[in-house]
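Shown next as structure tokens: one chain only, the form predicted on its own.
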């Protein structure tokens, strides 16, 4: 089996960075997330391959928080598009976990299927390689297994690495993309026998089975009033979530020139559902809270066959009000309808 030794991890990343923009899990001050290795400063940053997960998921690498779509110029009554901003630079996401890989799979479903393909997402996504760090010791807020995600044997990884102790990683190429990047660093990998760890038990579990079907009859259930009461509608859950994809499209102009851009939005904000005439179908906090969880647990399941939650636990960790999607699922299971 190929093994990446701890002492050579940074050399491996540096070698890959010669031909790719490599994003790695980094602690940068009070922030943790996936940052480009081009911005890495060893005096201030710490690479976190040995940490279970980081707060900010790698979603923004394939679906940026703000991205230009196209530029235009007006000439009288005509508007001419003079530039399309399709970003296709080769990228590697190095060390993401199975829950985040599955989240990107869901974004693929959204942007590539149902008779529509988003060209901006496509250009970025198809040039991105996924090097996944297998999980064997679930954290206190992890419940990916309950949501149908395998922490140590994920689907669609290009390369799968396994922490085999002492900071060394077993290295498995899983796709043609994975074979190609493996070839780039073959001189930095060693052949040796390695025993993969055993997956430990999850501390958190939830029974999602039947929830989507039951929610069809719970739109007006009083549980939404009770469960939404603590929620601040701050939206931090949507920004830390690896699967949330609400966005707005706006225009910036200066004289006769301008550009259209896409930026993240949140269904937890009142303005998101505000209509031009002033009507808002989700005026109340309760209605926005309900919509978020119906989308996660019912609507996406009905359209794509899987729930829009990968059990990463970030929303539970960061919520200032203690709102938990696990508690929502449990309430649905217990509710009388």
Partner chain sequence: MAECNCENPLVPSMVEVVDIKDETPDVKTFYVRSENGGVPFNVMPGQLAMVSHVPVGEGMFSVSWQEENDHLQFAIKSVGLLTEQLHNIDIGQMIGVRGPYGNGFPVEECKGKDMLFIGGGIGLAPLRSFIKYCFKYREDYGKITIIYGSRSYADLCFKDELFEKWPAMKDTEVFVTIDNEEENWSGHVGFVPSYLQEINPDPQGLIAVTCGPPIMIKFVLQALEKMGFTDEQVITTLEARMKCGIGKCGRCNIGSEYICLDGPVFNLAQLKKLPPEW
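This one's a predicted model, so the numbers in the text were calculated from it and none came from an experiment. Residue numbers count along the first chain shown, from 1.
A second form of this protein, the form predicted in complex with its partner chain, is not displayed here; the remarks below concern that form.
Check all three, 37, 317 and 320, heavy atom within 4.5 Å of its partner chain in the predicted bound form | Spot residues vs its partner chain: no contact at all.
Listed residue that, although its partner chain is not shown, lies within 4.5 Å of it in the predicted bound form (heavy atoms), from 205, 114, 200, 186 | That would be 114.
Work out which of 79, 223, 234, 196 lies within 4.5 Å of its partner chain in the predicted bound form, going by heavy atoms.
-> That would be 79.
Residue 260, heavy atom within 4.5 angstroms of its partner chain in the predicted bound form | Contact check for residue 260: yes, within 4.5 Å of its partner chain in the predicted bound form.
Residue contact check: residue 295 to its partner chain in the predicted bound form, 4.5 Å heavy atom = Result yes; residue 295 sits at the interface with its partner chain in the predicted bound form.
With the partner left out of view, is residue 53 within 4.5 angstroms of its partner chain in the predicted bound form by any non-hydrogen atom?
-> No, residue 53 is distant from the partner.
Does its partner chain get within 4.5 angstroms of any non-hydrogen atom of residue 119 in the predicted bound form?
-> Yes, residue 119 is a contact residue.
For the chain seen here without its partner, which of 287-295, 23-31, 54-62, 41-49 has a heavy atom within 4.5 Å of its partner chain in the predicted bound form?
-> Flagged stretch: 287-295.
Looking at its partner chain in the predicted bound form, which residues in 80-111 have at least one heavy atom within 4.5 Å of it?
-> Contacting residues: 81, 84, 86, 110, 111.
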